[in-house]
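Heads up, the chain below is alone and in the form predicted alone; it's given as structure tokens.
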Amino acid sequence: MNQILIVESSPREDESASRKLVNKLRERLEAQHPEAKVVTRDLAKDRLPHLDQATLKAMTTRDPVEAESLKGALHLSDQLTEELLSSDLVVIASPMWNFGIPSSLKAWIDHVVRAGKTFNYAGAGVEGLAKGKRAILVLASGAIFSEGPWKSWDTVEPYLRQILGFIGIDEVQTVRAEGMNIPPLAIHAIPNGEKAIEALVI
């Protein structure tokens, strides 16, 4: 393994369950793959701009003259996309906010899911260009969403799996810290997540 990309999105620093699990996962990855370069993209500390008109136009124009004039608007997106494409393993850590992902993580996704870079339109379908990579989702939530009555409210894991599959990353594992807002469950949430990390195939 040459490079591991870790994308973190929680702004809660030491109070963040997803960050605590990522720290545990990072320890295992560094021990198991000491040769790998670990790149961390912290979306809470290094905030990304949401896509603006110039960036969208630069991403979508088919006019080579216009594309050249707008090339500067893609500098950040190009950098983020290259980080992704150069990585063998992508770790995405996210809390659940209002049954979805933070807007900071959505901004990262919008920068890296790009036609001609991470996917191509192929006939009547789409071909992912990030094939051969693996991903691990590290998710934290206040309630239990992996099973039970609230399962249908979880748009985090299904969306992230879908968008990763869209760009060609189909081998995805998930680690969760669930029930963080339910006192009887909260004390077990991180230990259960750490056990799940130990069971990962990496």
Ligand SMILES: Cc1cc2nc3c(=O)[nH]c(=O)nc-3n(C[C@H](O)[C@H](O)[C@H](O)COP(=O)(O)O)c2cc1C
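In this text, all values refer to a predicted model and were calculated from it rather than measured experimentally. Each residue number is its position in the shown sequence, starting from 1.
Another form exists, predicted together with the named molecule; not displayed. Remarks below refer to it.
Although the partner is absent here, residue 12 is a contact residue: one of its heavy atoms lies within 4.5 angstroms of the named molecule in the model of the complex. For residue 136, no non-hydrogen atom is located within 4.5 Å of the named molecule in the model of the complex, even though that partner is not displayed. Remark: residue 163 does not count among the residues lining the named molecule in the model of the complex, judged by a heavy atom distance of 4.5 Å or less.
Not displayed here, the named molecule is approached by residue 140 to within 4.5 Å at the level of heavy atoms in the model of the complex. With the partner omitted here, the stretch from 92-100, 77-85, 127-135, 110-118 that lies within 4.5 Å of the named molecule by heavy atoms in the model of the complex is 92-100.
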